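Quick setup: one chain, the form predicted on its own, written in structure tokens, and binding and motion questions come after.
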Amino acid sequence: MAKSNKPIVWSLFAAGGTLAALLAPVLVLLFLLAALGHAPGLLSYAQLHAFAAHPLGKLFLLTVIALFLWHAAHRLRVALHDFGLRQDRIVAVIVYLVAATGTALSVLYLTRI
């Protein structure tokens, strides 16, 4: 039996989808409240900066960002295939490279906070 990288990609896709389903609506609601000026005290700049500066906060943010990116990359790959773009190897390399680049840039940015 040939070895495959599919379990790695599928695990990132599944984790990202689960996290997106659970956290995205909450994040949208909180940021909508913040934009309308009805933000709870925990959404103040000082509180959010303190959260992002803490090592566990950085780990949480990196996990959310990375898994969202990998989930989106896989969804985009499948959608492009459904729309008739049959160059799957090229598409896979491009979308996963974008997800990896976004993850690396997130690590770089979060280490600077």
Partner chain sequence: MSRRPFVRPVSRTRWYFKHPRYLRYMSREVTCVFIGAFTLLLLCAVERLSEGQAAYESFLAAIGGPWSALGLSIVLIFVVHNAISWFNVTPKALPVQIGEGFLPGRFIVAAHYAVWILISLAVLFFAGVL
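Computed from a predicted structure; not experimentally measured. Residue numbers count along the first chain shown, from 1.
Below, we turn to the form predicted in complex with the partner chain, even though it does not appear here.
Open item on the list: in the predicted complex, does residue 113 come within 4.5 Å of the partner chain, counting heavy atoms only?
Closed with: Yes, contact at 4.5 Å.
TODO: Give a yes/no on whether residue 93 approaches the partner chain to within 4.5 Å in the predicted complex, heavy atoms considered.
DONE: Residue-level check for residue 93: no, no contact with the partner chain.
Task: residue 86 within 4.5 Å of the partner chain in the predicted complex, heavy atoms - done: It does: once the partner chain is placed as it appears in the predicted complex, residue 86 has a heavy atom within 4.5 Å of it.
TODO: Would you check, heavy atoms only and a 4.5 Å threshold, whether residue 36 touches the partner chain in the predicted complex?
DONE: Output for residue 36 is yes: heavy atoms within 4.5 Å of the partner chain.
Task: Partner contacts for 26 to 47, taking the partner chain in the predicted complex and a 4.5 Å heavy atom cut-off - done: Result: 26, 27, 28, 29, 30, 31, 32, 33, 34, 35, 36, 40, 41, 42, 43, 44, 45.
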